[in-house]
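Below sits a lone chain in structure tokens, taken as the form predicted alone.
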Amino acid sequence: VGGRPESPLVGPETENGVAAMAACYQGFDPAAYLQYNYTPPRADFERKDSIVPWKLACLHRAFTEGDVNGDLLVDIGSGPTLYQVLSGCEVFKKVLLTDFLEVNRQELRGWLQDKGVSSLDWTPYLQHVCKLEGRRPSAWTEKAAKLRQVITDIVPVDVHRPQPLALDDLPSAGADCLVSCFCLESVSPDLAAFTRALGHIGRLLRPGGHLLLIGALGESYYFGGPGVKIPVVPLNEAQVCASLKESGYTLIRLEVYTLPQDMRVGVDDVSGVFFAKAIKE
């Protein structure tokens, strides 16, 4: 979010939209957001139709198919969450977390310190991914140690800039894989800005590198804290596919999850979630 877009093709209207989005995020509350989205029923590991286990299964599958690998995995717009790199940390030597908001980077740094303080207990997540990997749930402590070892840094990102990261945050060859979950559609004022942001983050990726993208379908807002209502670009599957193509990616797979009625808990109006696996042309 935020930052002044440097592209001459972007008019003042879009700049204002981007600035307005950045202003929305000033009240973002990581602890409240985690409570809304990363506790039951949305994170019920006993239920096959719970949204968090679905996301973890998509990521596990993508990272274990054998074609997604290399040295560096970059998570774009990590927010205050870690679930999105729990499978990837086994495949990549280095993981870079990024977020626009200092409060989110602080939340992540809290967990990274060994006896760190975190607003959410990530243990059930670590245990669940260990199970997906065919390991005993008690191996979660090893996975936590591995994650802390491979996360090299937590840095600021601005997907609306043509160069979203500081130049020295990334090797010149680029990242081997990007993962981004619920970031682009929730920081863009409109579909055109979402598509542009996809193109911007693509510049961080080496040719032939993979993008693993998770996002909301049919969502027009979500709460980033008590009374903090944040607008979202409502996407459908066709728009996601078109935006990826326009931004220089070849889609390998698109999977869709539809929220059961009891997952619609009033913190947003999301109707579904997509998972896209794509490759940079």
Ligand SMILES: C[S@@+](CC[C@H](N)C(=O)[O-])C[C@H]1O[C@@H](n2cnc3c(N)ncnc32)[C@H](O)[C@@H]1O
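Numbering starts at 1 and follows the sequence shown. What you see is a predicted model; the values in this text were computed from it and never measured.
A second form of this protein, the form predicted in complex with the named molecule, is not displayed here; the remarks below concern that form.
inquiry  = Given the pose of the named molecule in the predicted bound form, superimposed onto this structure around the site, is the binding site open or blocked (3 or more ligand atoms closer than 2.4 Å to backbone or C-beta atoms counts as blocked)?
reply    = Pocket blocked on this form.
query = Thinking of the named molecule in the predicted bound form, which stretch from 132 to 140, 167 to 175, 95 to 103, 204 to 212 has heavy atoms inside 4.5 Å of it?
reply = Of the options given, it is 95 to 103.
query = Does each of 63, 249 and 275 have at least one heavy atom within 4.5 Å of the named molecule in the predicted bound form?
reply = The answer is no: none of the three residues contacts the partner (heavy atom, 4.5 Å cut-off).
ask   = Heavy atoms within 4.5 Å of the named molecule in the predicted bound form: does residue 182 have any?
value = The answer is yes: residue 182 has a heavy atom within 4.5 Å of the named molecule.
inquiry  = Would you classify residue 73 as touching the named molecule in the predicted bound form, given a 4.5 Å non-hydrogen atom cut-off?
reply    = Because no heavy atom of residue 73 falls inside 4.5 Å of the named molecule in the predicted bound form, the answer is no.
task = Give a yes or no for residue 88: in the predicted bound form, does one of its heavy atoms lie within 4.5 Å of a heavy atom belonging to the named molecule?
result = Although the named molecule is absent here, residue 88 would stay clear of it in the predicted bound form, with no heavy atoms inside 4.5 Å.
ask   = Does residue 189 make contact with the named molecule in the predicted bound form, using a 4.5 Å heavy atom cut-off?
value = The answer is no: residue 189 has no heavy atom within 4.5 Å of the named molecule.
query = Mind listing which residues of 198 to 234 have a heavy atom within 4.5 Å of the named molecule in the predicted bound form?
reply = Counting only heavy atoms within 4.5 Å of the named molecule in the predicted bound form, the single contacting residue of 198 to 234 is 222.
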